[in-house]
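Next up is one chain by itself, shown in structure tokens, the form predicted alone.
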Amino acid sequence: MISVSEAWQRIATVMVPRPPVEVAVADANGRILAQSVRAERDQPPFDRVMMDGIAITLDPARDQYQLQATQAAGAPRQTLASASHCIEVMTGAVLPHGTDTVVPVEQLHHDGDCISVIGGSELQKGQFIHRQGSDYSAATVLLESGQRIRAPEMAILASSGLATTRVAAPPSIAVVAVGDELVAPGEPITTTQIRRSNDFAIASLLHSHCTPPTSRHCFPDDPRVLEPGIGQLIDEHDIVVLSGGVSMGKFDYIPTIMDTLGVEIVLHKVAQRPGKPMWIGRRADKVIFALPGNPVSALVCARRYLVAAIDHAMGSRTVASPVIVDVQQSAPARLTWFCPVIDADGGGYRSRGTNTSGDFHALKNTVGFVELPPGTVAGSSLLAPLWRW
């Protein structure tokens, strides 16, 4: 068996970088940027009014002003006639010429066009003014290549003035559940069969990371079906994800079939729990992830290696976050332990073990899993990388 770190290095080496594609900014949500984005202009692009009220030239001795006009957001900039005048301003409007202070509407009393300021002695020159360029200046790099576009990044991208942007092209992915015992949801089932769930879970995981699979399939433990079926999927997709048939049982045909299909082995068996039998191979620029059939093993391996590998190929700079975790069970002596965690009372995270690697119900409400070194002792509190679902 090889270590987790060596397994990742081998996988990262065979992942072909994804090419950039041009998309409309509106379609960039969830995608990985393949370019840097610079500011179109200063932000704010002008001295911006932060509160509804009036704009004045501050004079501590004056508390009454004659209303001159109204400055609406987006309207051309007006000019104050004299220090005895004020201009009504709206939030987001440009600060009128000749003014230096904004008084919020809550501090004003109106008597026709005569406006009195309540508590004038407490006013501060420059208050409630968002100064031009105070957030950033024109041409500043706002987003870098490799960033995933979420809601905050989308706001920045839209504000840059670009109509389109370059993002990494997602791979074409097929997800396959393997096993004679698997029955689809809603179909009749016998007492010796189990519900097919791994392909649904892996597809959901990929979708939550903005890389939905192109197709899902289920094949029996029959080489006459597996070989042509998997071969066709490899021809048609960039990545094929299999779950089941990779261990050392009599009906675990996947490694042999991969050899027949001309798939070069990248790794088989990793010193980890769960997911030790994992198999990875490649044919030309196609990569095949053959994950164990037990649901916990399949989902953990899919998150730790498959999602991370896709992110790597698309140039993403996302990595696991180091967190403090309270360990409730001891880790195996010679295996890295991918241990599910939940939020702990008072902050941090607490480990939650599963009954077996088939106990997927125990993953409910977990935030992900931490990567614990071999031999970690129950009762420990340590810093460990967290892989979020």
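None of the values given here were measured: they were computed from a predicted structure. Quick note: we count residues from 1 along the sequence shown, nothing fancier.
Keep in mind the form predicted together with a small molecule is missing from the figure; the text below concerns it.
4.5 Å heavy atom contact, residue 283 and the small molecule in the predicted complex: No, residue 283 sits far enough from the small molecule in the predicted complex that none of its heavy atoms falls within 4.5 Å.
In the predicted complex, residue 207 touching the small molecule (heavy atom, 4.5 Å): Contact with the small molecule, no.
Non-hydrogen atom contact residue 197 with the small molecule in the predicted complex at 4.5 angstroms: So residue 197 counts as contacting the small molecule.
Partner proximity in the predicted complex: residue 294 to the small molecule, non-hydrogen atom cutoff 4.5 Å: The answer is yes: residue 294 has a heavy atom within 4.5 Å of the small molecule.
Per-stretch contact check against the small molecule in the predicted complex, the hit in 133-141, 153-161, 178-186, 83-91 (non-hydrogen atom, 4.5 angstroms): Of the options, only 178-186 has residues within 4.5 Å of the partner.
Heavy atom within 4.5 Å of the small molecule in the predicted complex - residue from 274, 213, 244, 96: If I apply the 4.5 Å criterion carefully, the residue I get is 244.
Residue (of 100, 227, 252, 238) lying close to the small molecule in the predicted complex, criterion heavy atoms within 4.5 Å: The residue in contact is 252.
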